[in-house]
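Here we start with a single chain on its own, the form predicted alone, put down as structure tokens.
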């Protein structure tokens, strides 16, 4: 196995062009913290882009940041924090979840289109992705977008590359919209709600005019695992609603929301931040060992019914609900789930609700023989194949990571 480490875009282009000419597939790696996310890549050589790093330009007054993709997220967050700004999509740290010690990078967050609990208000990574430079599977350098929000014409290539897991092109420079950091935050906690009631309550909170930025529901077992005392020591299940902004505004809006959804305990800013960090990182709130983990994105009103349907077939099922029910983390005992990690049962439960299911944590052998991402069938499958062939005609970029043979 050869490991290629280009130091700039030109070198990267030459390496990919040579790999395409020789039909030598490459596993594209930046920090590597999410290397276990998706199917195992079928490639004998590694394209390590970790040297293509660093902030290129940061304009705090314009809320725009340009950086190279291997820049560590920690460095990006520190630079923004110095100007009281942030990445609004709140990229979660999944190192513990994925069993990795590698450093999360900006490019990895964009390539996987990750987002934390604030997604219901701020959007996902793709929604702040303004422009980029990249190298496609033929070794050609190309660009899209720009440095202003209204610069996009024609096809929105940022939405296409975000979530493509490095299978279409290798990013070499990215431009993002950043956001002001809120002065403070609080989280309203409601104890003891059943899942169905919690989903209705979260929908009510989100549909108020009071800018609730995150809502999540922890069933009793998940709540007990929290390291936030007010949650772990509460009365069973916990439903949280976060409000952020200037202190007087947060206090007034919290009162207004409580009048609609009920009075609850309130977390101070530090405890609130810890809670939403836990919700984003996930691993602390679910059983630790011998499990497989699914990430479900259904219509929120179906979320509780989906979990109940899976639990009727698999008694080990545990879940937690983020994004008001638009994200469900479903943990299963690996032995009970069987050789397909419960895929047939999970996807059958999802079918009436629409949405998609992704197998996030499972042994490599299981991920190799299973459809980790939602299968693309019929016209969608044909379109997906044409897009892959257009950007990576020789199949050299992360082959097999998203689907077998592509």
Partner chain sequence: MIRMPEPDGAVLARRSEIVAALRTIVPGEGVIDSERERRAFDCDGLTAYRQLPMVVVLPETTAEVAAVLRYCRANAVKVVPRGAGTSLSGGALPLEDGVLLGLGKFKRILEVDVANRCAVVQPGVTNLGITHAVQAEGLYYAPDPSSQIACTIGGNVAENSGGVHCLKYGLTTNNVIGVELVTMDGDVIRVGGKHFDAGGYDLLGVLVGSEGMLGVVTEVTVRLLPTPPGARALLIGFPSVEGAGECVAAVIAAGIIPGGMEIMDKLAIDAAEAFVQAGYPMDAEGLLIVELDGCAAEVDHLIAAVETIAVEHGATSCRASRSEDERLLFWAGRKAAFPAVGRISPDYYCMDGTIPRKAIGRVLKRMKTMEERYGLRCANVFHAGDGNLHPLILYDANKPGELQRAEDFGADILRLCVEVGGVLTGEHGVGVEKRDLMDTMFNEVDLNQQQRLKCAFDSESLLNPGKVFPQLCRCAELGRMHVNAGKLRFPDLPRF
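Just so it is clear, the structure is predicted and the values come from calculations on it, not from any experiment. Numbering follows the first chain given and starts at 1.
Same protein, other form: the form predicted together with its partner chain, not shown, and the subject of what follows.
Enquirer: If you check 75, 141, 86, 269 against its partner chain in the model of the complex, which one has a heavy atom within 4.5 Å?
Expert: By the 4.5 Å criterion, the partner-contacting residue is 141.
Enquirer: Contact with its partner chain in the model of the complex for residue 333, defined as at least one heavy atom pair within 4.5 Å: yes or no?
Expert: No, residue 333 stays farther than 4.5 Å from its partner chain in the model of the complex.
Enquirer: Is there a non-hydrogen atom of residue 283 within 4.5 angstroms of a non-hydrogen atom of its partner chain in the model of the complex?
Expert: Because no heavy atom of residue 283 falls inside 4.5 Å of its partner chain in the model of the complex, the answer is no.
Enquirer: Report whether the minimum heavy atom distance between residue 308 and its partner chain in the model of the complex is within 4.5 Å.
Expert: Answer no; every heavy atom of residue 308 is more than 4.5 Å from its partner chain in the model of the complex.
Enquirer: Residue 340 near its partner chain in the model of the complex, any heavy atom under 4.5 Å?
Expert: Because no heavy atom of residue 340 falls inside 4.5 Å of its partner chain in the model of the complex, the answer is no.
Enquirer: Tell me the stretch among 96-104, 261-269, 218-226, 165-173 that has any heavy atom within 4.5 angstroms of its partner chain in the model of the complex.
Expert: In short, 165-173.
Enquirer: Has each of 120, 299 and 326 got a heavy atom lying within 4.5 angstroms of its partner chain in the model of the complex?
Expert: Yes.
Enquirer: Within 4.5 Å of its partner chain in the model of the complex, counting any non-hydrogen atom, which residues from 335-356 show up?
Expert: If the 4.5 Å heavy-atom criterion is applied to its partner chain in the model of the complex, 335-356 yields 354, 355, 356.
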